[in-house]
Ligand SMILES: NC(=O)c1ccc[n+]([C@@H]2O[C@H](COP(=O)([O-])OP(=O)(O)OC[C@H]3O[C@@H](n4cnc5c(N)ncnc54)[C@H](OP(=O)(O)O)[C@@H]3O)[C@@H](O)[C@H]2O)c1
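Take a look at this single chain in C-alpha coordinates; it is the form predicted on its own.
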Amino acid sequence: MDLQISGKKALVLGASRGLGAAIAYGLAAEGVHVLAAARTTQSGEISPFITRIAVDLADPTSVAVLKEQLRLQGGVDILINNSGGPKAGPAINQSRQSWLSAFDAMAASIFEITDAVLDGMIARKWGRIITIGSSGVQQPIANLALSNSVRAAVVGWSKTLAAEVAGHGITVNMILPGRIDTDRVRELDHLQAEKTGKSLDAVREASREGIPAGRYGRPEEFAAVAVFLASEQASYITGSQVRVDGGMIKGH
(Lines give C-alpha, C1' and ligand atoms only; values in the text may rest on other atoms or scores of the structure.)
Protein backbone atom coordinates (compact mmCIF):
# COMPACT_ATOMS: atom_id res chain seq x y z
CA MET A 1 0.00 0.00 0.00
CA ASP A 2 1.29 3.44 -0.93
CA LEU A 3 0.74 5.56 2.19
CA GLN A 4 1.21 8.75 0.11
CA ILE A 5 3.50 10.47 2.61
CA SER A 6 6.80 10.29 0.73
CA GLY A 7 8.40 13.72 0.77
CA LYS A 8 6.49 14.88 3.87
CA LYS A 9 8.36 16.28 6.86
CA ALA A 10 8.00 14.90 10.37
CA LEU A 11 9.18 15.72 13.87
CA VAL A 12 9.48 12.74 16.21
CA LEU A 13 10.05 13.59 19.87
CA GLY A 14 11.84 11.15 22.14
CA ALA A 15 13.44 9.51 19.11
CA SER A 16 16.71 8.28 20.60
CA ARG A 17 15.39 4.84 21.54
CA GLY A 18 12.32 2.69 22.03
CA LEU A 19 9.02 3.68 20.49
CA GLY A 20 10.24 7.05 19.21
CA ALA A 21 13.20 5.53 17.39
CA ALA A 22 11.02 2.82 15.87
CA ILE A 23 8.53 5.40 14.59
CA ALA A 24 11.34 7.55 13.14
CA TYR A 25 12.67 4.54 11.21
CA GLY A 26 9.17 3.57 10.10
CA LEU A 27 8.43 7.02 8.69
CA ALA A 28 11.84 7.22 7.02
CA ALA A 29 11.15 3.90 5.29
CA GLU A 30 8.14 5.59 3.67
CA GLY A 31 10.29 8.43 2.34
CA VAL A 32 9.40 10.93 5.08
CA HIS A 33 12.12 13.39 6.07
CA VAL A 34 12.33 12.99 9.84
CA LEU A 35 13.68 15.33 12.50
CA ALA A 36 14.52 12.87 15.27
CA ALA A 37 14.56 14.85 18.51
CA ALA A 38 16.00 13.70 21.82
CA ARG A 39 17.85 15.07 24.85
CA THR A 40 21.19 13.96 23.42
CA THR A 41 22.15 13.43 19.81
CA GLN A 42 24.32 10.49 18.83
CA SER A 43 26.99 10.61 16.17
CA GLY A 44 26.90 8.60 12.99
CA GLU A 45 24.58 8.36 10.02
CA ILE A 46 21.43 6.34 10.65
CA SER A 47 19.40 7.11 7.53
CA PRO A 48 19.55 9.70 4.75
CA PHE A 49 15.97 10.56 5.69
CA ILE A 50 16.66 11.13 9.41
CA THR A 51 18.27 14.22 10.94
CA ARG A 52 19.04 14.20 14.64
CA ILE A 53 18.27 17.30 16.69
CA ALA A 54 18.53 17.98 20.41
CA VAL A 55 15.67 19.00 22.69
CA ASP A 56 15.01 18.53 26.39
CA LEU A 57 11.25 18.59 26.93
CA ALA A 58 11.77 19.38 30.61
CA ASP A 59 13.70 22.58 29.76
CA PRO A 60 11.59 25.54 28.54
CA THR A 61 14.64 27.17 26.95
CA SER A 62 15.39 24.04 24.94
CA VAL A 63 11.76 23.84 23.82
CA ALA A 64 11.89 27.49 22.74
CA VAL A 65 14.99 26.79 20.63
CA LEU A 66 13.22 23.89 18.94
CA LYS A 67 10.20 26.05 18.18
CA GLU A 68 12.45 28.61 16.48
CA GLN A 69 14.11 25.84 14.44
CA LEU A 70 10.70 24.67 13.31
CA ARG A 71 9.68 28.20 12.35
CA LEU A 72 12.82 28.68 10.24
CA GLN A 73 12.30 25.34 8.51
CA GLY A 74 8.65 25.99 7.72
CA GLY A 75 7.21 23.56 10.24
CA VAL A 76 6.39 19.90 9.67
CA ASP A 77 3.53 17.89 8.23
CA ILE A 78 3.63 15.11 10.84
CA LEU A 79 4.23 15.54 14.56
CA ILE A 80 4.86 12.58 16.84
CA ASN A 81 4.50 13.70 20.46
CA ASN A 82 6.46 11.16 22.47
CA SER A 83 7.69 12.06 25.94
CA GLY A 84 9.58 9.88 28.36
CA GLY A 85 7.79 8.61 31.43
CA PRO A 86 8.42 10.04 34.91
CA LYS A 87 9.79 8.11 37.85
CA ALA A 88 7.65 5.31 39.19
CA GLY A 89 5.86 5.91 42.47
CA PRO A 90 2.47 6.00 44.21
CA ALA A 91 -0.04 8.86 44.25
CA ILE A 92 0.41 9.27 48.01
CA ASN A 93 3.05 11.77 49.17
CA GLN A 94 4.10 13.01 45.75
CA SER A 95 5.49 16.53 46.13
CA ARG A 96 4.00 19.53 44.37
CA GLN A 97 7.25 19.88 42.43
CA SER A 98 7.03 16.28 41.22
CA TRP A 99 3.56 16.92 39.79
CA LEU A 100 4.61 20.21 38.17
CA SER A 101 7.80 18.75 36.71
CA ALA A 102 5.93 15.78 35.25
CA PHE A 103 3.28 18.06 33.73
CA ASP A 104 5.88 20.38 32.21
CA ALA A 105 7.85 17.56 30.60
CA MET A 106 4.98 15.31 29.51
CA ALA A 107 2.15 17.74 28.76
CA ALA A 108 2.94 21.46 28.64
CA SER A 109 5.98 21.00 26.39
CA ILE A 110 4.11 18.95 23.78
CA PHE A 111 1.16 21.37 23.89
CA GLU A 112 3.59 24.19 23.13
CA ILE A 113 5.40 22.35 20.32
CA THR A 114 2.10 21.33 18.75
CA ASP A 115 0.95 24.95 18.73
CA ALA A 116 4.19 25.89 16.99
CA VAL A 117 3.50 23.62 14.01
CA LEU A 118 -0.25 24.08 13.70
CA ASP A 119 -0.19 27.32 11.70
CA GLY A 120 1.77 25.64 8.92
CA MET A 121 -0.50 22.61 8.90
CA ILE A 122 -3.57 24.83 8.72
CA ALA A 123 -2.06 26.80 5.83
CA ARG A 124 -1.30 23.58 3.93
CA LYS A 125 -4.70 22.07 4.83
CA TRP A 126 -2.95 18.85 5.86
CA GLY A 127 -1.39 17.60 9.07
CA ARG A 128 -1.01 14.65 11.39
CA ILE A 129 -0.59 15.00 15.15
CA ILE A 130 -0.01 11.69 16.90
CA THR A 131 0.62 11.52 20.63
CA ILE A 132 2.01 8.46 22.37
CA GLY A 133 0.18 7.82 25.62
CA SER A 134 -0.09 4.73 27.80
CA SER A 135 -2.62 2.02 28.55
CA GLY A 136 -2.56 3.56 32.04
CA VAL A 137 -5.00 6.26 30.92
CA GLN A 138 -7.69 3.59 30.54
CA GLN A 139 -6.61 1.21 33.28
CA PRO A 140 -4.23 2.86 35.77
CA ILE A 141 -0.95 1.04 36.25
CA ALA A 142 0.07 0.47 39.85
CA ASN A 143 2.97 2.61 41.08
CA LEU A 144 2.90 4.89 38.04
CA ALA A 145 0.76 7.67 39.50
CA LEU A 146 2.52 10.55 37.76
CA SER A 147 2.30 8.90 34.35
CA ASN A 148 -1.32 7.78 34.78
CA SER A 149 -2.43 11.25 35.84
CA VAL A 150 -0.52 13.51 33.48
CA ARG A 151 -1.15 11.33 30.43
CA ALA A 152 -4.88 11.41 31.26
CA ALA A 153 -4.71 15.22 30.97
CA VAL A 154 -3.08 14.80 27.55
CA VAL A 155 -6.03 12.64 26.47
CA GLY A 156 -8.42 15.53 27.17
CA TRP A 157 -6.22 17.96 25.27
CA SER A 158 -5.86 15.64 22.27
CA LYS A 159 -9.59 15.00 21.97
CA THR A 160 -10.39 18.72 22.29
CA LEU A 161 -7.78 19.71 19.69
CA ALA A 162 -9.03 17.07 17.25
CA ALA A 163 -12.43 18.74 17.06
CA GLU A 164 -10.89 22.19 16.63
CA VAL A 165 -8.67 21.37 13.63
CA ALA A 166 -10.51 18.59 11.81
CA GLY A 167 -11.95 21.05 9.29
CA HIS A 168 -8.42 22.03 8.26
CA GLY A 169 -7.46 18.54 7.11
CA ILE A 170 -5.55 17.83 10.31
CA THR A 171 -6.04 14.65 12.31
CA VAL A 172 -5.20 14.32 16.00
CA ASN A 173 -4.93 10.87 17.53
CA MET A 174 -3.33 8.99 20.39
CA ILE A 175 -1.73 5.56 20.47
CA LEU A 176 -1.73 3.71 23.78
CA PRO A 177 1.04 1.12 24.12
CA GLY A 178 0.76 -1.84 26.40
CA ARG A 179 3.79 -3.97 27.21
CA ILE A 180 6.08 -3.18 24.30
CA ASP A 181 9.61 -4.58 24.65
CA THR A 182 11.51 -1.31 25.06
CA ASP A 183 14.20 -0.08 27.45
CA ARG A 184 11.52 1.76 29.45
CA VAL A 185 9.45 -1.40 29.99
CA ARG A 186 12.56 -3.39 30.86
CA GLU A 187 13.46 -0.75 33.45
CA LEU A 188 9.98 -0.98 34.97
CA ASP A 189 10.22 -4.76 35.07
CA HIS A 190 13.53 -4.51 36.92
CA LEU A 191 11.96 -2.12 39.44
CA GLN A 192 9.06 -4.50 39.97
CA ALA A 193 11.48 -7.39 40.52
CA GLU A 194 13.41 -5.40 43.12
CA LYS A 195 10.24 -4.28 44.87
CA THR A 196 8.69 -7.75 45.09
CA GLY A 197 11.83 -9.82 45.50
CA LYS A 198 10.89 -11.90 42.47
CA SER A 199 13.21 -12.77 39.65
CA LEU A 200 13.06 -10.70 36.48
CA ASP A 201 11.92 -13.76 34.54
CA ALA A 202 9.06 -14.29 37.00
CA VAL A 203 7.95 -10.66 36.68
CA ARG A 204 7.96 -10.82 32.89
CA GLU A 205 6.14 -14.16 32.86
CA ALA A 206 3.42 -12.72 35.14
CA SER A 207 3.02 -9.81 32.73
CA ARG A 208 2.76 -12.12 29.74
CA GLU A 209 0.05 -14.12 31.48
CA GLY A 210 -2.11 -10.98 31.52
CA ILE A 211 -1.72 -10.42 27.78
CA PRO A 212 -4.02 -12.52 25.56
CA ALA A 213 -1.40 -12.45 22.79
CA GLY A 214 0.96 -14.13 25.28
CA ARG A 215 3.95 -11.89 24.63
CA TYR A 216 5.30 -8.37 24.76
CA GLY A 217 4.88 -6.32 21.61
CA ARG A 218 7.73 -5.39 19.28
CA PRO A 219 8.57 -1.69 18.76
CA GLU A 220 8.22 -2.06 15.00
CA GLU A 221 4.67 -3.42 15.42
CA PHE A 222 3.79 -0.33 17.41
CA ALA A 223 5.53 1.97 14.93
CA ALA A 224 3.52 0.51 12.05
CA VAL A 225 0.32 1.83 13.65
CA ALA A 226 1.80 5.31 14.00
CA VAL A 227 2.97 5.30 10.39
CA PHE A 228 -0.49 4.31 9.17
CA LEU A 229 -2.14 7.08 11.25
CA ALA A 230 0.27 9.50 9.58
CA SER A 231 -0.82 8.35 6.11
CA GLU A 232 -3.25 9.81 3.62
CA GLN A 233 -5.40 6.69 3.99
CA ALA A 234 -6.00 7.52 7.68
CA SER A 235 -7.48 10.94 6.89
CA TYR A 236 -10.89 10.07 8.41
CA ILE A 237 -9.50 8.84 11.73
CA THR A 238 -9.30 11.63 14.30
CA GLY A 239 -10.01 12.14 17.99
CA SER A 240 -9.25 8.46 18.54
CA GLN A 241 -7.22 6.41 21.00
CA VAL A 242 -5.75 3.30 19.43
CA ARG A 243 -4.51 0.61 21.80
CA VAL A 244 -1.54 -1.51 20.78
CA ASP A 245 -1.42 -3.93 23.69
CA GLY A 246 -2.04 -7.48 22.52
CA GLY A 247 -5.52 -7.37 24.10
CA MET A 248 -4.19 -6.54 27.59
CA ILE A 249 -6.86 -3.93 28.41
CA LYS A 250 -10.21 -5.70 28.55
CA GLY A 251 -12.59 -2.75 28.83
CA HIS A 252 -13.65 0.08 26.50
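One rule holds for the numbers: they count along the sequence shown, beginning at 1. Model, not experiment: these values are computed from the prediction.
Below: the form predicted together with this ligand, not depicted.
| message | Contact check in the predicted complex: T114, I129 and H168 versus this ligand, with a cutoff of 4.5 Å between any heavy atoms. Do all three pass? | response | No.
| Are any of the heavy atoms in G75 no more than 4.5 Å from a heavy atom of this ligand in the predicted complex? | Residue-level check for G75: no, no contact with this ligand.
| query | Would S83 sit within 4.5 Å of this ligand in the predicted complex, counting heavy atoms only? | reply | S83: yes, in contact with this ligand in the predicted complex.
| field | 4.5 Å heavy atom contact, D56 to this ligand in the predicted complex | value | Although this ligand is absent here, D56 would touch it in the predicted complex, with heavy atoms inside 4.5 Å.
| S158: heavy atom within 4.5 Å of this ligand in the predicted complex? | Looking in the predicted complex, residue contacts with this ligand do not include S158, since no heavy atom lies within 4.5 Å.
| message | Looking at 160 to 168, 91 to 99, 116 to 124, 177 to 185, which stretch has residues with any non-hydrogen atom within 4.5 Å of this ligand in the predicted complex? | response | Flagged stretch: 177 to 185.
| request: May I ask you to list the residues of 104 to 120 that have any heavy atom within 4.5 angstroms of this ligand in the predicted complex, in sequence order? | output: The stretch does not touch the partner at all.
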